[in-house]
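One chain comes next, on its own, written as structure tokens: the form predicted on its own.
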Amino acid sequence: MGVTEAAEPHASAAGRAVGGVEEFDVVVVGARCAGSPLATHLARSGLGVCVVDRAEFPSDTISTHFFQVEGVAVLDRLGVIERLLATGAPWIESISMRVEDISVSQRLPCRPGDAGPGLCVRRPLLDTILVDRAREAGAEVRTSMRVTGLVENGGRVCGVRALGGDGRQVELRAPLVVGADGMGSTVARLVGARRYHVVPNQRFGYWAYFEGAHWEAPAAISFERWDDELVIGLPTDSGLYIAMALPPLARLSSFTADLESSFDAHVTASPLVGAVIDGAGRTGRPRGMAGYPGFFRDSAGPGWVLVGDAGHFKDPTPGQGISDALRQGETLAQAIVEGLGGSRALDVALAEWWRWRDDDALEMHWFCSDMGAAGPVPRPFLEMVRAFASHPDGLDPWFDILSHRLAPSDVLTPTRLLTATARLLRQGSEPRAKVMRETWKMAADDVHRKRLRKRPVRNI
């Protein structure tokens, strides 16, 4: 679903000041990879958009950095691919992966017409490019501005109150306020959006950049999971290489007691990543986060909507957040244009978009939670991976899951699970009771999640 530049649903209220109050069609809170692209789409459609963010760009933030082919496609439609490549970020064209005793190296699947397979760009550069693009499209961008409250009328949100960096209080009115302000969303808190499908994280993550890393073209993402260790690495912009360590949450205290030594030991213990950064220099202290539960939030109501991590956050192990924010922003823009243009009631359009978001993200939410789980990889799951990896380009369906071109249920089918289980039982390399217990748990988890889809449990 796209938004065309030709659409102009009604006369814009861009920045019109009435009695000291500024009026727009849409106010977007948050200017990063959900908010600025959304603002660009809306401004292209003729709407008056104001984007506010507490940060001043360039600015860093917690991020997994990588975005896959479908995220690249949105960035291409935004017209920023050349700027991203100008940062020195190479196309990520292949993957080197080891999961326990399974090792695979292959090209990431690309289809005719794809702008490229994947990119990894640090957020100070990526977000600044997206903010600049929103300005160029005609959006009003206000940085160093913190939202302090909502303006309401008759039970509907109709604007925000915000405090500028100069200490001046401003009021920005609009028929719609978008919360694109991340997992700790101020807008979500102010409207009382409840969370559901909450999954506590079982790992914590730290990352750092290295100069002088030794990698050869084509650029590859390295993913290594062995025992209970998990390390990811890939080239990024400016000649740098990012290495990420994701140990089990139970080891947080010992890991952070001597953070730099622990981090270096963890990433160099990975044969794949360790070989690339051997002799390279770490450019700064590792950054990271310890608490990042996966969740969905109620994401639309009278006069408001949530997009990106504000409305849904999943385990970051497979690096889905940036692509999802970009894809969601593009589809949400279409719903907003239709709702404000009168072809559909705004509340109806936003509610339908929210249902699309959940349908699009729910299976991936559980898939990412399983990828980021601590403890041993279930043997039946590993056996399914082994069966795919035994063929040239056999893991393409798994990578298509991560690109939202296949649903996890298209690949992790009951038939494949039972076939993998039967193969393990015939081999006799694992205790029969253990194999059956793991198979039963995978099947039971699937049934439970399908029930939750129909009856989600909500909390604050």
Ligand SMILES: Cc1cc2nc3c(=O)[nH]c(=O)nc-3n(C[C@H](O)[C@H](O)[C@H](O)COP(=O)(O)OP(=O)(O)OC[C@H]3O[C@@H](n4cnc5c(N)ncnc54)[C@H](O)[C@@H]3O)c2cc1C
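Given the structure is predicted, the values throughout are model-derived calculations rather than measurements. When you see a residue number, it is the position in the sequence shown, counting from 1.
Below, we refer to the form predicted in complex with the named molecule, which is not included among the displayed structures.
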Subject >> Answer range among 375 to 383, 320 to 328, 150 to 158, 105 to 113 for contact with the named molecule, defined in the model of the complex as heavy atoms within 4.5 Å >> reply: 320 to 328
Original post:
Would residue 66 count as touching the named molecule in the model of the complex under a 4.5 Å heavy atom rule?
Top reply: yes
Original post:
Could you tell me if residue 186 has a non-hydrogen atom within 4.5 Å of the named molecule in the model of the complex?
Top reply: yes
Subject >> Non-hydrogen atom contact residue 29 with the named molecule in the model of the complex at 4.5 angstroms >> reply: yes
Subject >> Non-hydrogen atom contact residue 339 with the named molecule in the model of the complex at 4.5 angstroms >> reply: no
Original post:
Within 4.5 Å of the named molecule in the model of the complex: all of 54, 145 and 244, by heavy atom?
Top reply: yes
**OP:** Go through 286, 117, 182, 294 and name the one with a heavy atom inside 4.5 Å of the named molecule in the model of the complex.
**Re:** 182
Subject >> Heavy atom within 4.5 Å of the named molecule in the model of the complex - residue from 395, 62, 407, 417 >> reply: 62
Original post:
Going by heavy atoms, what in 293 to 308 lies within 4.5 angstroms of the named molecule in the model of the complex?
Top reply: 307, 308
